[in-house]
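Next up is one chain by itself, shown in structure tokens, the form predicted on its own.
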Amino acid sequence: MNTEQTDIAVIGAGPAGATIAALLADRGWRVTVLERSHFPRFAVGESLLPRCMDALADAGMLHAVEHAGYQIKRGVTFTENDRDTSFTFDDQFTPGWSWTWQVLRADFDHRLALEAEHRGATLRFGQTVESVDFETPGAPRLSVVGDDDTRTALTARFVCDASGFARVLPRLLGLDRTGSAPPRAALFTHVADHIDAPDYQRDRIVIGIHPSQPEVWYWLIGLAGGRASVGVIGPPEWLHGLDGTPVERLQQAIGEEPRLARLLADAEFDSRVGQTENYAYDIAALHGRDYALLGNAAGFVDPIFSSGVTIALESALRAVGPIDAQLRGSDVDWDTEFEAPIRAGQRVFTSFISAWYRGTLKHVFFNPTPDTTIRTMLSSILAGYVWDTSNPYVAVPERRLETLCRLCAPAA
């Protein structure tokens, strides 16, 4: 077995891992990134939020991706039974970016990882963390095995878990908790979309609602080069009840939503269809004596509002200062500086996710006579600005959103 030392071990090279690695390397620390897969690799979560642009700029990562030719995203369209409503990011309450991208995550994540390496982090692909021993304060010991079965004992001073859905440390440390959301399942893929409909705005993600199954929803994310990410989410029993292979089941599901059925009538389903279910989970604590959890390793509820990369980048930005201070011998209030703000952002998204699945939020979105100021506040949340507490729907999300949904509900 090889033995090595580093200052910070980062588990996972996705957006959170790459960003924290780059920022800590900027501050002079030895950073080793351990990634189980080999980049570039397929991933969904292609639709970014404008808040991501602030975070990428703040981290000095924007230049690494800004010339990649990604599809511009300027808003979101919700559709149900052939009625549409749209929110555009140039009409929002919080000052910020009015656009972002819809990206190929394989390319986007790889570019960020290479930027971290360029700034001094060591990247190692094909590396699986099997165990972590935190017994010695300030010297966690990671047991790592490579694709070639080479084993390494890596001693660090701090560990950042940015392993996403793998959530390595939560599983090893017993921090993993089943989410409170009902079980849900998803089918998804990339297609050559061949969309030429004049009413289709490629710079907006389309979220469709099933005409008779309100818990079933769809996404259509236009990508560069005439491709798109498509998927459906619903109760597992509903998805399992569809007939055929995964691609046939996905096509059948899309065929049941009128607008998406028309838009994707000529689509070529030329890529493997992915499947997942029971994906929601919560985490008991986002930090410990010598570790912090970033991005989806810190919890995940649902992809409906495209919050994944936003939370990933925000958690990296929030963690770098406390890690740097702790390693330099300063006392750090991790709850105040890191955990509380990340939990606050998660709470806002979770409030909107819960209202979406209760079927009440759509009445707000489709309200024929909306209050224009409230609509700008909602647009800011859809843009990812969930840390702006001057927005009432950020400051007190559950109560205010519940009231708004009740006011917008159709008459009995």
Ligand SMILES: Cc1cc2nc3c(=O)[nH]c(=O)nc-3n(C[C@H](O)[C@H](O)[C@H](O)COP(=O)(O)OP(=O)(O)OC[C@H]3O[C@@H](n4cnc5c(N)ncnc54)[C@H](O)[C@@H]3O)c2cc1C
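Only a predicted model underlies this, so the values are computations on that prediction, with no experimental measurement involved. Counting begins at 1, following the sequence as shown.
Quick note: we don't show the form predicted together with the ligand, though the next part is all about it.
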property: Partner contact for T276 in the predicted complex: the ligand, 4.5 angstroms, heavy atom; result: yes
property: D54 within 4.5 Å of the ligand in the predicted complex, heavy atoms; result: no
property: Touches the ligand in the predicted complex: A21 (any heavy atom, 4.5 Å); result: no
property: S306 within 4.5 Å of the ligand in the predicted complex, heavy atoms; result: yes
property: In the predicted complex, segment of 87-95, 239-247, 293-301, 132-140 with a heavy atom within 4.5 Å of the ligand; result: 293-301
property: In the predicted complex, the residue from T376, N367, S37, T360 that sits within 4.5 Å of the ligand by heavy atoms; result: S37
property: Sequence-ordered residues of 114-149 touching the ligand in the predicted complex, heavy atom within 4.5 Å; result: Q127, T128, V129
